[in-house]
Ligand code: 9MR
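Given next, in structure tokens, is a single chain: the form predicted on its own.
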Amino acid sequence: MKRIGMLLLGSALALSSGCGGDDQLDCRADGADCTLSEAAAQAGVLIGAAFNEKDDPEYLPALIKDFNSVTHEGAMKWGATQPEYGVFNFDKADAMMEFAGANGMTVRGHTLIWEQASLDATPEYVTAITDPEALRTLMADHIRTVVGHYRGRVDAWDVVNEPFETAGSQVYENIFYQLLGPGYIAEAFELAHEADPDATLFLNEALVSNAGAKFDALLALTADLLDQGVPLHGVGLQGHFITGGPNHDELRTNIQKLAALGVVVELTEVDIVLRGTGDEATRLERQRQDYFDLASACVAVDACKRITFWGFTDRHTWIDSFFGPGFAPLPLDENYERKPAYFGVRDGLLSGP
């Protein structure tokens, strides 16, 4: 966890007007108007957003202003980095790395293994394999090549993304499970650790922010992997809140339970749609409270080290392409103006000790 601490310190020092220090702004002071990255630095966490290439002159300045961590929305997934067998393409991911480096941002790598029936990033040439050793060799080559390409430059990797059934608590029987057995998860972590011993390696799972059977299964899997000596360092709790907001107490308790196992925790892929009934002001206030509950649950537990939004402006969100317009799930509106949700995040970050 030493690497996380050094990166947190480095991110805070890199901010041109960061909080903390004798001559710098105290974000809790009366009248202070900190950005999200300034508030996060004072809270001791990283604040990130998903990045994608946009033909929009306002996009990058807004990203730089409020965030000190970045994750590419798609360019580090298997289908992008190795679109054809043995043919690797790092152009988009390399461009993001250059952007992040120039602006003092840390980088999450997302994701090395993700194979689900409904939505994933695994090309057909992978899922068509029938020989276990052929798949094992390909998986090893892919992870070693991708992680090795960014060795020492990517802060953290989602090594295995969504290992469980989307709507269940059983490990999903994807192509890796079918041919290699449940041990494929441990193998993937060993390979990633071999390729970059300093990277923080994560399991990343959806629909586990609140209490329930799926979170219990994730907790048990995490404990089992650690008992085996697998180099698993962190767990990402995905935060796509489509039908309801987070339950603060349950989320904090889940973070605490994972922390008790000795891993760091990150809230990943966060977006919270406008929900419920009432006029727009009422719905925006409810969204503000949801974001406050999420951010305050994180900073209440020392092991929670980063919050990453899946985007940052309602002008560009994957929600629109999947569910249609009008859900407005992010802290900045379509004009890059701060919404109540923005202040909910900031107040939540500053609610901790």
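Sequential numbering from 1, following the sequence displayed. What you see is a predicted model, and the numbers here were worked out from it, not measured in a lab.
Keep in mind that the form predicted together with the ligand is not shown, yet the notes after this line are about it.
- For the candidate spot formed by V273, R286 and R346, no residue has a non-hydrogen atom within 4.5 angstroms of the ligand in the predicted complex.
- Of the residues given (E115, E73, D196, E187), E73 alone sits with a heavy atom within 4.5 Å of the ligand in the predicted complex.
- The listed set N161, T81, T200, T106 contains one residue whose heavy atoms approach the ligand in the predicted complex to within 4.5 Å, identified as N161.
- Only one listed stretch (94 to 102, 251 to 259, 218 to 226, 232 to 240) carries heavy atoms within 4.5 Å of the ligand in the predicted complex, and that stretch is 232 to 240.
- In the predicted complex, the ligand sits beyond 4.5 Å of every heavy atom of M139.
- Mapping the unseen interface onto this chain, A134 falls outside it, with no heavy atom inside 4.5 Å of the ligand in the predicted complex.
- Proximity of L191 to the ligand in the predicted complex: non-hydrogen atoms within 4.5 Å are absent; the residue sits far from the partner.
- Taking non-hydrogen atoms only, A167 never approaches the ligand to within 4.5 angstroms in the predicted complex.
- Scanning 301 to 323 for heavy atoms within 4.5 Å of the ligand in the predicted complex gives W310, W318, F322 in sequence order.
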